[in-house]
Structure formats: structure tokens, C-alpha cells
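Here we start with a single chain on its own, the form predicted alone, put down as C-alpha cells.
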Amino acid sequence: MKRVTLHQLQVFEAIARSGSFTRAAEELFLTQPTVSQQVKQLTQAVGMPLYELIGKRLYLTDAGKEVLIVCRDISERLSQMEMTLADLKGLKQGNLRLAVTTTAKYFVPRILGPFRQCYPGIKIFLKVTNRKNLVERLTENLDDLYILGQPPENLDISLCPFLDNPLVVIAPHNHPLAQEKNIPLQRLAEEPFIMRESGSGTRMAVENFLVKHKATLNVEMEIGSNEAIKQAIVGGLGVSILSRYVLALEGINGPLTILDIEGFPIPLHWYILYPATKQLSIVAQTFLEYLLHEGKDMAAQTDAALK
């Protein structure tokens, strides 16, 4: 193992992540023969096959999976060392990798903008995905911090609530119920309903709410995008239950409105979390502290936009 080089580990990590020698070569600006040679030397040093090709797909062996863990650990430690040294010099430099659920995209970029202005030396990588995929990324420790509304219950994590995330009933602005107050929940069941896709944190919250209140909805469509649901509502295809933040940009003067339904809003929170055993980098810790402070201002801005 003394013959293993950082370059070989970097090449192998790129292949494992992309699932392709060709894509790894393109990413690292290397020729494919060079990539193949580096992996061959790494395999010889380990003394066991690291992958196998079945059809056109690449699968890691058990030995390959162990090597990949080491690759990521070394990469993270080197990155953390770089950021720590920059911090000792009085600078905030390095990478910040965030993974957020799709609904969080309505406010996270507006927080990242001022943060980036305060720390121009920090390079930000933002992954937007649904809750199911985000939990998978959390399990594999692919990012520094994670933002979502429904934290997993079966993982050892550290989490902090930083912002309210009320779920509301959204309808077209000209809906017959738009001007009514304290509408019975049973009345909502009469409306055609548009549900988020399976794996969505919003859907989980809605389903829990329905079980608690022993209610059902007339689900006529399932859509995996908040924006697509908003367009479907505008088109008269039904109503939906979404985070109030999906209206944060257009406010209540646009084509959508919030219905005053009994039992709503559903009170939820946005959380920022990470694996409990993870040692946060200087950059990640800086953003965490910034987010906990800025969350209060973000809530105030959203409340003002929806009044």
C-alpha cells in the first residue's frame, strides 16, 4: 500500500462516482489510457480486483468499496486542512457542499447570495433534490450540510431548526373558496387534489396530517415538482398543499392564493443537519452559524411578502 499515490486514489474516486472511465478522464483532463493505467497500478498495490464490468455498467467489488471510503476520507481531510490553514491566515476559503430539498430552493439561494458576498473565497456547490435522494446522500456523507423539512428518524444526526415551514392550501386566485374563512376540512375533500410524488417531505407531512384528522382527499394527480404543481393549479386542475415558501417570490397578488382551511397551516420547520460523528469544516461551521442567524430575517421577509 505504500506504493499507492494520491493521484491514483483521485482517479479511482472519479471513476466510482461517475461509473465510467471516459467521464472520469474528461473530468480530470486526462487521457483514457492514463486513467486505465492509474487504476491498474492501484489494483496491483491493493492486490484485489476493485471493480467489475457487467455489460456496460461498472460495479465496485467489496475491496473497491473499501478503497472508495478511504478516497473520500482523504479528500475530505485534505480539503479541511486547506480550509483550516486559510482560516489561520485570517481568510475564509474553501468549498461548501450543500444538499437541499426541492422546496428549499425558494429561499436557500437568497441566503447564499449575502453569505457569498461576505466570504468571496468560498466556492459553493448546491445540490437540489427530493427528500429520498437527500437522505441517501446524507447516509453516504456526500455533502457538508443538508437542509430539509422532514429529518430522518433512523439516522444518528445533529440537527438545528432555523426557520418555520408552514404548509398551506394553495388554489387559483379566482377560486370560489378564496374569500371564505375557516373552511371545513371536509370541504377540501370535495376539490380535485394535486399531490407531490412519493419520497417528498411535503407528501409525508400531508399524509401524516390526514391520518391524524381521519380525513381523505380526492387525489387526481401526482406531480414531482412544486413549479409544475403551481402551473397545474393556475390551469384549473385542482388545489394542493405546499410550503408557504413556494409563494414567496410572487406573493399573494399573483395567480395563486392561500385558502383558509380548518387545521391549516400545518406547522413544520426547516432543519439544517449533518451526521453526528462528522467533524464540520471551518467553512461549514461558518455557514451553519450564519444560517441560524439569518433564518429569522428570512422568516420576516416572507411574512411581509405574503401579507
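What you see is a predicted model; the values in this text were computed from it and never measured. Heads up: residue numbers just count along the shown sequence, starting at 1.
Not pictured, yet referred to below: the form predicted in complex with 2-phosphoglycolic acid.
**Q** For this chain shown on its own, do P172, H175 and K230 all sit within 4.5 Å of 2-phosphoglycolic acid in the model of the complex, going by heavy atoms?
**A** Not one of the three qualifies.
**Q** Taking 4.5 angstroms as the cut-off for heavy atoms, does R97 touch 2-phosphoglycolic acid in the model of the complex?
**A** Taking the distances in the model of the complex, the answer for R97 is no, it never comes within 4.5 Å of 2-phosphoglycolic acid.
**Q** Applying a 4.5 Å heavy atom distance criterion, does P192 contact 2-phosphoglycolic acid in the model of the complex?
**A** Residue-level check for P192: no, no contact with 2-phosphoglycolic acid.
**Q** How about Y245 - does it come within 4.5 Å of 2-phosphoglycolic acid in the model of the complex, if we only consider non-hydrogen atoms?
**A** Heavy-atom contact with 2-phosphoglycolic acid at 4.5 Å: absent for Y245.
**Q** Could you tell me if P152 has a non-hydrogen atom within 4.5 Å of 2-phosphoglycolic acid in the model of the complex?
**A** Flag for P152 set to no.
**Q** Could you tell me which of 210-218, 156-164, 142-150, 112-120 sits within 4.5 Å of 2-phosphoglycolic acid in the model of the complex, going by non-hydrogen atoms?
**A** So the stretch in question is 142-150.
**Q** Since the partner is left out here, which residues of 194-225 would have a heavy atom within 4.5 Å of 2-phosphoglycolic acid in the model of the complex?
**A** R196, G199, S200, G201, T202, in sequence order.
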